[in-house]
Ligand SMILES: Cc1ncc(COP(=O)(O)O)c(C=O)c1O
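Here we start with a single chain on its own, the form predicted on its own, put down as structure tokens.
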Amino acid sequence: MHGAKPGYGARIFIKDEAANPSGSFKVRRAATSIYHAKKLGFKGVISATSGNYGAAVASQAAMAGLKCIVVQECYDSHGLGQPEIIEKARKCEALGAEVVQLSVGPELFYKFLLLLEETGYFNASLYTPFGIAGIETLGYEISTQFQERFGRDPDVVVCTNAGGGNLTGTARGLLKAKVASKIVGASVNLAGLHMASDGQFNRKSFTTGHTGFGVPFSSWPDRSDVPRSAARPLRYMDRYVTITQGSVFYMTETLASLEGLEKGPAGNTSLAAAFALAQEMSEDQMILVQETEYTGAGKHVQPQLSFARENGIRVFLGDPKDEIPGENLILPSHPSLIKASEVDLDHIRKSLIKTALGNCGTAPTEADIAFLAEETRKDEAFVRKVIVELT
């Protein structure tokens, strides 16, 4: 591998999910929800999403003859929407969905819940057990295909991490296949930008797969449109890394130029991270990027970079380590500059325990401590130690 030391540079494989009916792995997630909605006699389904999942729900609803409403966080208060989000809205409409577009802020889930109440439609949330179970098929399929081709399992599986369902479902599928691959979560580093801020909404170049979702949803999953999220990534991550925006755009162009594969940014978040991680691994090891998605007019690199420039973001070649989210976007001047930064999982674990204690209001029971040990993927002694530190 270019930039790796002699004897290093693991082989990278990607799982192409773009041939699914809606163009991404999320159709697996939607299929189970739509199946149950149809089986239970619902007339329609509703989902809240920036777009890829909405397109998946719309696709499956159309196949099942159900109505579909997609609630989408789309614009800032000036009516400006990111090219990728607008692209996905058109895709949802093309597949027959009614798209309700909202400005950025906490009203997304509120409006979603109101519509559920008004319509009586099925809740096709990203975060129900149906959605996670659908992605388990992806993890299981990875194992099957790898075993058929190589007679072994990948050493590392990299999953883009946002709300956590992608990583949770994939890891659970791998576990059911009795695969011991290391699970690495990867997010685009958008530190310093607040996802619910009207002024900062269009200063990011990624609508999903970034730390604005990945970190808070890992440290407290139950912040979505269901009472208890089935997406619980901290239970399954062996490592969590971040990658810069410029590095992901660079890898997107590289994949297209070298392999003739045009893909969207979410899967290429994992690919950029895998490129960096592969240089730490020996050349006889294998690393798998667990999903790739479709791309289109608004999801291409150039419209996204143009939109960044229009919003005052400086775009230039240089060292990605100097990238400041919301201020600049640095395309690596050399592939060896692409590096993954480690996220301190113990810090996230402590944050989760702190939030749980705050929400509890009473001293944790033995059952609570056992639950928190599972949530943090640590033993009960770790949980008790953190509780003592916090109190």
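Counting begins at 1, following the sequence as shown. As the structure is a computational prediction, the values presented were derived from the model and not from experiment.
If you look for the form predicted together with this ligand, you will not find it shown, but the lines that follow are about it.
A.B. asks: Counting only non-hydrogen atoms, which stretch in 95-103, 68-76, 308-316, 288-296 is within 4.5 Å of this ligand in the predicted complex?
C.D. replies: This holds for exactly one stretch, 288-296.
A.B. asks: From the list Ala162, Met251, Ala171, Leu190, which entry has a heavy atom within 4.5 Å of this ligand in the predicted complex?
C.D. replies: Only one listed residue qualifies here, and that residue is Ala162.
A.B. asks: Just one of Ser229, Thr244, Ser125, Asn166 has a heavy atom within 4.5 Å of this ligand in the predicted complex. Which one?
C.D. replies: Contact with this ligand in the predicted complex is made by Asn166 alone.
A.B. asks: Taking this ligand as it sits in the predicted complex, is Val157 in contact with it (heavy atom to heavy atom, 4.5 Å or less)?
C.D. replies: No, Val157 is distant from the partner.
A.B. asks: Would you classify Ala266 as touching this ligand in the predicted complex, given a 4.5 Å non-hydrogen atom cut-off?
C.D. replies: Close contact exists here: in the predicted complex, Ala266 approaches this ligand to within 4.5 Å, heavy atoms only.
A.B. asks: Counting only non-hydrogen atoms and a 4.5 angstroms cut-off, does Asn52 reach this ligand in the predicted complex?
C.D. replies: Within the cut-off, so yes.
A.B. asks: In the predicted complex, does Thr208 come within 4.5 Å of this ligand, counting heavy atoms only?
C.D. replies: Because a heavy atom of Thr208 falls inside 4.5 Å of this ligand in the predicted complex, the answer is yes.
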